[in-house]
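In structure tokens, one chain follows: the form predicted alone.
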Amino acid sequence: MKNKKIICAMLIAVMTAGVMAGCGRGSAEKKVSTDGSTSMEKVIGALGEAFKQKDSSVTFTYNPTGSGTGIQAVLDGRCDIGLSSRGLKKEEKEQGLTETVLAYDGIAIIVNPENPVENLSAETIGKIYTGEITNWKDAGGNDGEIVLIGREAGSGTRDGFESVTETEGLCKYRQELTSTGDVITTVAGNPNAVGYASLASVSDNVKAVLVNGVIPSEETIKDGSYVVQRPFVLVTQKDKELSETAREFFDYITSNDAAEIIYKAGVVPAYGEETAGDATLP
């Protein structure tokens, strides 16, 4: 009888351990990791919080490392979904990556609030950043040397800005900073500075100028009249399945249910009333 009790106790212990291990695995799998663009912080943070409200057991992480690093993180298998504020390059697609446009974001050209300049043409912006125009008095402003602020190489914001203004490899930056927030802070602290930043991130301590007479806004981004804009992209591996939780997150943020959250984050969703749910995973 004693042996039977011992055997029963051992069986119960083994079964309990198995159940606990199973629960542990289930919890560990309920996570979504994202990595990449600092410009996407506001929108991806809002979407992550909304997704967690649907299931409080989910762990959502966002690592703001920049678009290039986020893309590499997907290649290395260090995150579920990469975040890029530029489209994938041909060579990146050839490495097995695929992109899905989440939203469209305007790149605001920002100056210090003390700067009287209100409007710049795309051509003038290009001339300023390539060093052809070096004084604000030649761009409608006060007499003062223009201080060029931009992002670091590999930044999606920089790539988008230089592509639109046709200044790739030609910009004469005074400072190349590693985040959108740093650009805004630097421009806010220098009356002669000019920079560029995600429209969704622009704060009251800087001024966004009109480009070609068009104010940067959700409406002008959506209708294409504001020309300095770029996509916010979700990057995944083409031949690798996402985990169940990561797939649910992907499907949610590219559905009509997430459109209002994306709008509130200051960008224009790629999936609205007509296109919601059309996103496809690799």
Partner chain sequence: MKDEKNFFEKLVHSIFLILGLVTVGCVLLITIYLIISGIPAIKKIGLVPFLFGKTWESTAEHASYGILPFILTSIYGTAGAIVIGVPIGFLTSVYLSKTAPKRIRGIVEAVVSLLAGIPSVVFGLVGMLVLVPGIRKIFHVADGASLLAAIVVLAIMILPSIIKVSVTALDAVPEEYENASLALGATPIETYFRVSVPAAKSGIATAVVLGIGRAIGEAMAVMMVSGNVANMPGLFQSVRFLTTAVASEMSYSSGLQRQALFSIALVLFLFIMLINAALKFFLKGKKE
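Between two forms, the rigid core is the largest collection of C-alphas that superpose within 1.5 Å. All values reported here derive from a predicted model rather than from experimental measurement. Positions refer to the first chain, counted from 1.
Omitted here: the form predicted in complex with the partner chain. The next part is about that form.
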Q. Thinking of 98, 236 and 255 as one candidate spot, does the partner chain come within 4.5 Å of a heavy atom in every one of them in the model of the complex?
A. no
**Q.** Which of 118 to 126, 197 to 205, 146 to 154, 102 to 110 lines the interface with the partner chain in the model of the complex (heavy atom within 4.5 Å)
**A.** 146 to 154
**Q.** Contact test in the model of the complex: residue 231 vs the partner chain, heavy atoms, 4.5 Å
**A.** no
(Q) Check residue 245 for me: does it contact the partner chain in the model of the complex (non-hydrogen atoms, 4.5 angstroms)? (A) no
Q. So in the model of the complex, does residue 89 come within 4.5 Å of the partner chain, heavy atom to heavy atom?
A. yes
Q. Does residue 65 make contact with the partner chain in the model of the complex, using a 4.5 Å heavy atom cut-off?
A. yes
Q) Of these, 163, 130, 185, 212, which has a heavy atom no more than 4.5 Å from the partner chain in the model of the complex? A) 185
**Q.** Is_shifted residue 72 between the shown form and the other one (CA, 2 Å cut-off, rigid core)
**A.** yes
